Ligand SMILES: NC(=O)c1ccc[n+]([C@@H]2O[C@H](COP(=O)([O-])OP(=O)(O)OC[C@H]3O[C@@H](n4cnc5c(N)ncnc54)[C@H](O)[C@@H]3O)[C@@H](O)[C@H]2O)c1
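For reference, the chain that follows is the form predicted alone, supplied as structure tokens.
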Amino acid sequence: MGLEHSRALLEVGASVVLLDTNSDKLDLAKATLESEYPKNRIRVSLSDITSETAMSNLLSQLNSAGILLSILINNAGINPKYDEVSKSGMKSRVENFELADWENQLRIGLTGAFICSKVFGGAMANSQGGVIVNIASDLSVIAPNQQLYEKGDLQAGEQPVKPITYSVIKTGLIGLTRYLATYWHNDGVRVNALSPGGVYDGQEDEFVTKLNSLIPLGRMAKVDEYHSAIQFLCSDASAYMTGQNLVIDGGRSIW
């Protein structure tokens, strides 16, 4: 969704800086956006958000280039996929979940958001203004329905599940949002979260049918349906809003 969040900001005249550790994906994103928007408003950085040194260096580079940061979107994370066919879906279950996976996924999804907030949010606080948006999930307010991931040919103890890390990270981002919103309340920095529902991206028909039945609007989100929400949260349209979690999930969390 990072590409879509970038489009949302570019649509309303902002310039964007995209970060990733994958140079191929970064180059593709840059080329895609440059085919749609002015090239001088798109910048990329091959950077690791889990490195405070790297983020501090990036901030110095932006400052040297005369770029004043006013918006931070913490979007990075891992949505791990486990191979159900070979029954390694069992690895997603709490009893079998590897500590290395837990630590790596929290490092990227939660620690990375903290580091970026510390470095870039701190800079915004020093300049008395800015916006942070943490991208959470409908699973920040509800537990995953593990029936969505069930496979008919597997025993109960072998069934794949949505990994615990995803819920912990997304819920943790809401805590980070509330903390920073009050921490920087006198420094002109507003901090909110966006909790999207599932976005359709060619998932298996069986999964989509199951999930659609849990959503009052009867469908998953389209890939571009969060543009207006990003624009709202990152602009003065939400000037009196901070510390909140904007849930846009087709109604799933209320059913």
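From 1 onward, residues are counted along the sequence shown. Since the structure is predicted, the reported quantities are computational estimates derived from the model, not experimental observations.
What follows is about the form predicted in complex with the named molecule, which we do not show.
Annotated contacts: Ile108, Ser137 and Lys170 all touch the named molecule in the model of the complex [non-hydrogen atom within 4.5 angstroms]. Contact annotation for Gln244: none of its heavy atoms lies within 4.5 Å of the named molecule in the model of the complex. In the model of the complex, Pro163 stays away from the named molecule, with no heavy atom inside 4.5 Å.
The named molecule in the model of the complex is not approached by Gly130, whose heavy atoms all lie more than 4.5 angstroms from it. Using a 4.5 Å cutoff between non-hydrogen atoms, Ala54 does not count as a contact of the named molecule in the model of the complex. Figure note: of the listed segments 142-150, 177-185, 117-125, 69-77, the one touching the named molecule in the model of the complex, with heavy atoms no more than 4.5 Å away, is 69-77. Proximity to the named molecule in the model of the complex, defined as a heavy atom within 4.5 Å, holds among Asn212, Gln61, Thr50, Thr32 only for Thr50. Looking at 8-24, the residues that come within 4.5 Å of the named molecule in the model of the complex, counting any heavy atom, are Leu19, Asp20, Thr21, Asn22.
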